[in-house]
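Only one chain is given next, in structure tokens, and it is the form predicted on its own.
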């Protein structure tokens, strides 16, 4: 289970140190999310769990008149995001918890998130709060992983660990796969008062390594990011050597033209803040 405390600590630091690679691995989702925001007026935008700022930055470049707030619980990630936005005057990156955050005179017309909403301890309360601070008819657009089994970048990589060192993520507890069940997520949003809830399944390439040393880059990446990273820290030298050997062979089999890409599966979820 990955919690808010993890993002405030080790996980946030890891993602901040690897932000270019994590943005690359999730890059297939950015355009899919932005496509859901086109053709609508959104003077005020809130990016929930903005991380290193990729989605906020992409939206800001195409919507210079919009006021955008990127929000994340990791101070390290917010610092990275701020450093990337120095030439953009319409973005403000803020350290804070979206389940409690608000700003006077800022009622977002669009709430968006690229994989930043699956970590709320009380998701119904969090989405109720987000709806309460939003404008009437505000749009909600976010991505989240589908099942662990559908994401080979996670399931297959973790499968090379010793059996007793890894427990498959609970799909109803805070963490990367907490929103994999469509009915569960629909219930959360509905209980929180959101309407017109829709799901679109997206398959995309999770790029883990590129270049002449793509396999080694992917191997290093999965020791820092992903479900195998923490368990791998506790392995004995012999266990770790076996794990890395199996993982390297798997990554080599998925290297093509200097790119290591694995299957990733996500939902794009949309909803509205409309009276029922």
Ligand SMILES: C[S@@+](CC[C@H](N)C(=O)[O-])C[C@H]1O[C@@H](n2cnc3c(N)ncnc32)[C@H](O)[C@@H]1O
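All figures in this text were calculated on a predicted structure; none of them were measured in a lab. Numbering follows the first chain given and starts at 1.
As for the form predicted together with this ligand, it is not shown, yet the points below apply to it.
For the candidate spot formed by 71, 74 and 98, every residue has a non-hydrogen atom within 4.5 angstroms of this ligand in the predicted bound form. Figure note: of the listed segments 151-159, 198-206, 119-127, 165-173, the one touching this ligand in the predicted bound form, with heavy atoms no more than 4.5 Å away, is 119-127. Residue 227 falls outside the set of residues with a heavy atom inside 4.5 Å of this ligand in the predicted bound form. This ligand is not shown here, and in the predicted bound form it never comes within 4.5 Å of any heavy atom of residue 218. With a 4.5 Å cutoff on heavy atoms, residue 255 does not count as touching this ligand in the predicted bound form; it lies far away. Among residues of the shown chain, residue 115 is one whose heavy atoms approach this ligand to within 4.5 Å in the predicted bound form.
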